[in-house]
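One chain comes next, on its own, written out as structure tokens in the form predicted alone.
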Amino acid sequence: MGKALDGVRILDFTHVQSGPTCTQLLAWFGADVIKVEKAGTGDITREQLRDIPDADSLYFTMLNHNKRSVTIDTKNPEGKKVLETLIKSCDVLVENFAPGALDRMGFSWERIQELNPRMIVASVKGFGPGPYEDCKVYENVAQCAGGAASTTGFDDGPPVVSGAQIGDSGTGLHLALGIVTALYQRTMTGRGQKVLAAMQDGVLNLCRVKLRDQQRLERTGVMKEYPQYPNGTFGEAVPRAGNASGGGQPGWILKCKGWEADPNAYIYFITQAPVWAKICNVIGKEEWATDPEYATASARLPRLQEIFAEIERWTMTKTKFEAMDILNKYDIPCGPILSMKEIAEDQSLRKTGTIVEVDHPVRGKYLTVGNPIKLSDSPTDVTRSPLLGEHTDEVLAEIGYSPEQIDVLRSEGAI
């Protein structure tokens, strides 16, 4: 049946995480992703956080599967000509350079359109148009500027960034959607276009419930599902809410058996209204099901901390997996706090391709995250990341260069 993006060729000028996340996802769906790198060093993450000397780091390998690598000196006149030929033969150019870098290379939007009017140019930037658009942004900066940090953590502590890479990988996922959408529109218009995903915008999109709450707070001055209610105070901005669920069904992280020694012996427990009576029965508080002070969702809101404390007395008698097994029998929403070690060893995730073992010619076997999106007619095969410049000759031959021309380009330092 082939792959969903068979026939799409992508010129990948990305590095570090946000851009490579995007292009790796497109490669998993079948696009031919040609990663353009600097000879000798390549993507800076090849050597960052190395755990094996002289081998590409896991940082690099886990973000660059299913791609081909070419090395081109874009400052070399002949190297620039090679790049022009590649632009003519590709469908999408993806970059996450600092603002203005592509223009300084001589490849402005106008120049790219001259070379290939069907080309889609997709960019990750820190900020969109505005006072900060020329600023360089990294993961945690994006989380702070996008509203995530100010609303994460506990009210009596500082802002906290998430361990999830919502700034880098989150924006890369947004960009991938933009690229596929632009490709679809091109089938009708015949024209390429620019696609921009700003990291601040991407983080804010993932924090939309907090923007919702900001407007609620301005109208009512209080948010009853937050742990600050009823005894705390609310200021002018959405506060940090600890482990509150952020939705209409109150939730909290509770200790389980063994929490004293295991930092992840916890479970997330949601007191969903439709199963309240079942919750009461499970924890041995049957009287709460009919008590007017606990029987309705609105009556429970001022007492949430008391309620969760009582539930925790029960969860502390069970391991997180025992508690989950019991609660799931009654359709009570919950989830164990899984450590990275537990996830890495989870055989069900390997069976679905969410965790994949890959063999690399230098570093050997390693685990990586597979495609999180499953298509029934386009299954993903995760192949190893490329060695630096591994496919230079192969790609140049495909776009019309003879072996003799390739030898000349190499002797001149263009590739």
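Quick caveat: nothing in here was measured; it's all calculated off a predicted structure. So that there is no doubt, residue numbering starts at 1 and follows the sequence shown.
FYI, the form predicted together with a small molecule isn't displayed, but the following is about it.
message: T392 versus the small molecule, in the predicted bound form: is there a non-hydrogen atom within 4.5 Å?
response: No, T392 stays farther than 4.5 Å from the small molecule in the predicted bound form.
message: Is D91 part of the interface with the small molecule in the predicted bound form - any heavy atom within 4.5 Å?
response: D91 lies outside the contact set for the small molecule.
query: Counting only non-hydrogen atoms and a 4.5 angstroms cut-off, does R111 reach the small molecule in the predicted bound form?
result: Contact with the small molecule, no.
query: Contact between E37 and the small molecule in the predicted bound form at 4.5 Å, heavy atoms?
result: Heavy-atom contact with the small molecule at 4.5 Å: present for E37.
query: With the small molecule left out of view, which of V282, A182, M105, L301 would have a heavy atom within 4.5 Å of it in the predicted bound form?
result: By the 4.5 Å criterion, the partner-contacting residue is M105.
- request: Name the single residue among Q193, T74, Q214, Q272 that comes within 4.5 Å of the small molecule in the predicted bound form, judging by heavy atoms.
  value: Contact residue from the list: T74.
query: Where, among 285-293, 96-104, 264-272, 306-314, do residues come within 4.5 Å of the small molecule in the predicted bound form by heavy atom distance?
result: Every other range fails; the passing one is 96-104.
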